[in-house]
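One chain comes next, on its own, written out as structure tokens in the form predicted alone.
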């Protein structure tokens, strides 16, 4: 073997490697994945979500790896006469991603959330429903702004796309995925990534807004212990809520149905094994697959585009305004009740359970170490889950085909 042969072999190895195919877009997204991993591991910003998302971004931006390749065209409509390759030729992450696009994963996640959720704080303090409703403000503001941006040629959002972006304001990943898969499947990747990323970054996003909108006196307010909710109330609640919402907004039935099924497993007292599976093994498995494949949609060449970056910006705006809506309504309740409600619990009206409630508790204790807002915030938090599902049902009703 002469020198020219060795050079030819080495050149071939280099040309077939990822180093030769990497682009600046891949490099940017790889750096983003490193930042997310740092926030998840070092800062502990919801690592159960952020670690798989961050590593999914890393996997998707390895040139020539083909983990999200779709030669079979499973996720696209092929032109007339085109022949699909066998499904198993697709990348492994693309095959798993089918569970995201089909809404199987979001519904299973909701069932697990239901099995982990105690609706007792909401039943003990029904005014929490109003906080959950107020914290959907960002959805409608982002929708209006997205429609306005639709006039810009480089962006050009349709009403269906605007609705899919706006639902990010509910801070509910499964709901955002369901709406986007129905109304704007071509934008599912960036919408899902934005929704889950902002959910994980709640400890970074919400506190400055909470502090800016409240006074120190309001943040120090102590709230009374909630009443004890009966077992009968807890069993009847998921059944009644599902029937009412499904009849009123049939398009919201998948999410509300699985949420309330999981909660019924928890509360009925005769399905402990099912409840344990839903809130542990099942939701953990689905979270790994959903988080990794959502992150894997952030391929640099596709993600770093004006329209995609506008989605990320509008999602952040929606999330911020939802926090603002919850806190401002909390301030209103503070005034109406003569200072008996701490406005900080309003920020928990977004759907991110239990992350937003924990942030309310943490911020409250900074100003009053004796304060214990967690259960009150959980009431608003679970109300936000219901509120975001209802908002999703409304958008699907208005813009669904």
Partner chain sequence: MDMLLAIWKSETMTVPESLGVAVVGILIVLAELAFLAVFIIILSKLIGFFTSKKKGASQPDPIASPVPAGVPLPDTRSEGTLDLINVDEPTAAAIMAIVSNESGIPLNRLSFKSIKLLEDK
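Positions refer to the first chain, counted from 1. From a predicted model like this one, the values you see are computed outputs, not experimental measurements.
Another form, the form predicted together with its partner chain, is not on view; read the next lines as being about it.
Taking a 4.5 Å heavy atom cutoff to its partner chain in the predicted bound form, the contact residue among 258, 303, 265, 143 is 143. A single residue from the set 213, 320, 310, 123 has any heavy atom within 4.5 angstroms of its partner chain in the predicted bound form; that residue is 123. Residue 159 belongs to the set of residues with a heavy atom inside 4.5 Å of its partner chain in the predicted bound form. In the predicted bound form, its partner chain stays beyond 4.5 Å of every heavy atom belonging to residue 6. Its partner chain is not drawn, but in the predicted bound form it has a heavy atom within 4.5 Å of residue 227. Taking the partner from the other structure, its partner chain in the predicted bound form has no heavy atom within 4.5 Å of any heavy atom of residue 217. The putative spot formed by 233, 236 and 372 is fully lined by its partner chain in the predicted bound form; each residue has a non-hydrogen atom within 4.5 angstroms of it.
With its partner chain omitted here, the record of contacts in the predicted bound form names 246-254 of 192-200, 246-254, 177-185, 284-292, defined by a heavy atom within 4.5 Å.
Along 109-131, residues 118, 123, 126, 129, 130 each place a heavy atom within 4.5 Å of its partner chain in the predicted bound form.
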